[in-house]
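Below you will find one chain, with nothing else, as structure tokens; this is the form predicted alone, and questions on how it binds or moves follow later.
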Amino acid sequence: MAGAVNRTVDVLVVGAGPAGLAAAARLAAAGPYRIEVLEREQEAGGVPRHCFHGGFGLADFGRPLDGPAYARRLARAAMVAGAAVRTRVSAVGWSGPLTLDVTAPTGLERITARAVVLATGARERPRSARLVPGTRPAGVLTTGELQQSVHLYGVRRERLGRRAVVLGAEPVAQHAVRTLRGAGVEVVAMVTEQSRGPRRFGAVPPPPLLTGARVTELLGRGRLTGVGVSRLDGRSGVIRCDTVVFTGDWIPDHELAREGGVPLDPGTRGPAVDGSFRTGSAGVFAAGNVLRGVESAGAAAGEGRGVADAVLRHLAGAPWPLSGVPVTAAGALRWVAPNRIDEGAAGRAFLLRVREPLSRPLVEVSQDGRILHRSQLLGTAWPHRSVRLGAGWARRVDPAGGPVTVRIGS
């Protein structure tokens, strides 16, 4: 990159969301290391910056916070510990195994690190990625776009719309409904392919809920005028609206990892990691929602602290594993993480996601036909909520054996 300023740091963290900031705070507090965090947005904090609801901070700071307050505390903790948190700075590519090309308001930079932590988070898939046909009118948003418009830029009903349809029934869909109502927009329907929606909706009445249905077309030119809806039983119709919000369906923001040749897991679609957050590229770690789509901010921050411990061992000279026993998902399981077994796996729980709701499913872990673990879940496994599987069975994995298979089913 001609004209770029060449610099070196000890650890370069890409992404200043909960995982990246928590990692930076612990790393900076641990020793005389140069820790630098890059964030392409104008402010650090990630998604919580525009989540004006509670549910944050109890595990990290011992008190309930809303999203913006939580984001500010995470950023402040990293900077007080000594990390350099730089905003409006984007990592645009790799020029070496541990060297990133960067654009900043001050110009081009080429930064080489002893370790790189990818904490680029996740995003909701927009209409185009969900292959919903129709025109390209205004008024089509994801939850993140909606919350940024309302909470960061003050957009109200006059510009946002008057009648909205929300696609999805996960908790994030409920937050979208509350954001729309707070902006003065009437929510005329929630549409979900699931067989049932949320049982609770706080103290306010839920909007009309259409289950077992999907949006098949967007209508209108210039501005959205409605959405075509098809029921799974074959019935179809049109809901008149001028705003539609696509919620959930998270995908890891893995472009930088992919460009750097970091191996991805086909199930999670994020970087494949072992129990110490080490990827298949020596010196490159990954943590937080870039690994598999969205978990809570507290969970991502916990992984940030976990990856910091692993990075410190790496800086102290711990060897990088040449390989590991791969972990694969089977049956009704969509993915399992982490994706490889290493010596640290026995201490860290695995996360599982199912393809469809399953009541009291059976979980079975095996290697080369040998059963390592079998248990039955007590409740229902939901596609939008991870199941935690203890890792005690990982001690019985044969390092020279074949892949470990995690299967879930009725």
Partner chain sequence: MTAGRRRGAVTRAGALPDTSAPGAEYDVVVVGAGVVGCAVARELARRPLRIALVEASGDVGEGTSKANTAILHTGFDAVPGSLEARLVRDGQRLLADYARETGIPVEPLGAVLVAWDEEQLAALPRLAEKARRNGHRTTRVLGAGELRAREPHLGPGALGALEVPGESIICPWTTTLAYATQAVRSGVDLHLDCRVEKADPGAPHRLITPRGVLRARYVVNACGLYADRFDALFGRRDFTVTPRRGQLIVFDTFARSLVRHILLPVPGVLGKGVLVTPTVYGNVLLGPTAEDLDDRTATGSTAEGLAALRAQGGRILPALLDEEVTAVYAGLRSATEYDDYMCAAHPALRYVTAGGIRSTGLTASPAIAAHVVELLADSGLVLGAERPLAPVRMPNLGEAFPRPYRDAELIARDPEFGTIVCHCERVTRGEIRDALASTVPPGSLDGLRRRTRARAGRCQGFFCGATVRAMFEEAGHPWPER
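Everything numeric here is computed off the predicted structure, so don't read it as measured data. Positions refer to the first chain, counted from 1.
Below: the form predicted in complex with the partner chain, not depicted.
*Asks:* Verify the flagged residues 197, 362 and 382 against the partner chain in the predicted complex: is each one within 4.5 Å by a non-hydrogen atom?
*Replies:* No, none of the three is in contact.
*Asks:* Would you kindly say which of 325, 315, 251, 84 lies with a heavy atom within 4.5 Å of the partner chain in the predicted complex?
*Replies:* None of the others qualify; the residue that does is 251.
*Asks:* Note which of 114, 76, 125, 305 lies within 4.5 Å of the partner chain in the predicted complex, where distance is taken over heavy atoms; exactly one does.
*Replies:* None of the other options qualify; the answer is 125.
*Asks:* Spot the stretch among 317-325, 219-227, 274-282, 178-186 with residues whose non-hydrogen atoms come within 4.5 Å of the partner chain in the predicted complex.
*Replies:* It is 219-227 that comes within 4.5 Å of the partner.
*Asks:* Is residue 144 close enough to the partner chain in the predicted complex to count, meaning some heavy atom within 4.5 Å?
*Replies:* Residue 144: contacts the partner chain in the predicted complex.
*Asks:* Does the partner chain get within 4.5 angstroms of any non-hydrogen atom of residue 160 in the predicted complex?
*Replies:* Because a heavy atom of residue 160 falls inside 4.5 Å of the partner chain in the predicted complex, the answer is yes.
*Asks:* Is the gap between residue 105 and the partner chain in the predicted complex 4.5 Å or less for some heavy atom pair?
*Replies:* Yes - in the predicted complex, heavy atoms of residue 105 and the partner chain come within 4.5 Å of each other.
*Asks:* Is residue 42 close enough to the partner chain in the predicted complex to count, meaning some heavy atom within 4.5 Å?
*Replies:* It does: once the partner chain is placed as it appears in the predicted complex, residue 42 has a heavy atom within 4.5 Å of it.
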